[in-house]
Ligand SMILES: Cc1cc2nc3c(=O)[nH]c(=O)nc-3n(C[C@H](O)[C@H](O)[C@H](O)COP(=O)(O)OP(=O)(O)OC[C@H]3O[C@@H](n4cnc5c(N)ncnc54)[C@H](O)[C@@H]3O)c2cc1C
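One chain follows as C-alpha cells, the form predicted alone.
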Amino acid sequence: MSYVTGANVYLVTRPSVDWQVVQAFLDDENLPPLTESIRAGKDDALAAIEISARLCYMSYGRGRRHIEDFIHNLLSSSDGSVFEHVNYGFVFTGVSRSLTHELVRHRAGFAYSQRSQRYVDETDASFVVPPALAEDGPEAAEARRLLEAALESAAGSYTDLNQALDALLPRSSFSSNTDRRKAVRQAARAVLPNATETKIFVTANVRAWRHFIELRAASFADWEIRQLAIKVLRMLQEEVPILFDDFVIESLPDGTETASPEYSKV
C-alpha cells in the first residue's frame, strides 16, 4: 500500500484567441485597428475579457487606456460575466474521494472528467492521508496507526470482494468481459473509503475559479481542499496575475494557509 500526503496540480489548458478573426470583426464594424481597440495586446486571456466587455458598450478604442485599470474596474464593479469567457483546465492527482465529493458540488462554469472506479481496478490504489494526520509526534503517530489499519482492512476487503464477485457472477449473464468486470468492480468499490486516491480533470472559467478559491481557501474549508485551492491560486497568479492578484494568502497559527480576495463575489 502507498500513501499520499499532497496533491499534484497540472495546468494543462489555456485560452486562445484567433486574432485574424478579431481583426475581421473590427474591420466589418468600422472600428479602430487591433492595436488601438484591444489594450490587452496579445495576451489571449485578458483580450478575451476585454473584447467581450467592450462589445457590451461598443467602446473599442475608447475609455481606460491601461489593461490593468480596465480589469480592476471590472472586478471592483462585480462585472463578472465577462470573466466566464476565459477557461483554464487542470489535472489534479493525489486527491481523495472526500475532496472530489466536495469539488464536484461546484457546478456553474465547471466541467469534470474523473477516474472511474467502475472501469479501473483499485486493488493497488493509493490512499490520501488527511492533513490533520500528517503531523509528527506521538499523538499523531497513534492516530496515523489507526488510520492505516482501517485503510489496510478496506483494501483487503476490496480484494476479497473482487474475488468473491468474480466467482459469483456467471459469464453467461454479460454480453462482454468488459461489462462483467465493470459489474464486479462497481459492487466491490462499496468498501473503498473516502481516502482512496483519485485523479480528475477540471476545467472552469475565471469567474468560477475565483468563486471556488474564495470558498475553499477560507479558514472554514476542509484542510485538504483548502490546500488544493491555494495551489490552484498560486498557479493562476503566476499564469495571469492581473485576474487573481487581489487574493491575499495568509498563514494561520496552526501552520495552514488561507486566501481571501479584495473583490468578493465577482
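Just so we're clear, the structure is a prediction, and the values are computed from it rather than from any experiment. When you see a residue number, it is the position in the sequence shown, counting from 1.
Although it is not shown, the form predicted together with the ligand is what the next lines describe.
Trainee: Just give me the single entry in 132, 150, 190, 108 that has a non-hydrogen atom within 4.5 angstroms of the ligand in the predicted bound form.
Mentor: Only one listed residue qualifies here, and that residue is 108.
Trainee: Using a 4.5 Å heavy atom cut-off, which residue among 200, 215, 40, 34 comes into contact with the ligand in the predicted bound form?
Mentor: Exactly one residue meets the criterion: 215.
Trainee: Examine residue 54 and determine whether its closest non-hydrogen atom to the ligand in the predicted bound form is within 4.5 angstroms.
Mentor: The answer is no: residue 54 has no heavy atom within 4.5 Å of the ligand.
Trainee: Even though the ligand is not shown here, does residue 220 get within 4.5 Å of it in the predicted bound form, heavy atoms only?
Mentor: Residue 220: yes, in contact with the ligand in the predicted bound form.
Trainee: I'd like to know if residue 226 sits close to the ligand in the predicted bound form, meaning any non-hydrogen atom pair within 4.5 angstroms.
Mentor: Result no; residue 226 lies far from the ligand in the predicted bound form.
Trainee: Select, from the options 133 to 141, 154 to 162, 99 to 107, 172 to 180, the stretch whose residues sit within 4.5 angstroms of the ligand in the predicted bound form by heavy atom distance.
Mentor: Of the stretches listed, the one contacting the partner is 99 to 107.
Trainee: Sequence order please: the residues of 1 to 21 with a heavy atom within 4.5 Å of the ligand in the predicted bound form.
Mentor: Going through 1 to 21 in order - heavy atoms within 4.5 Å of the ligand in the predicted bound form - there are no hits.
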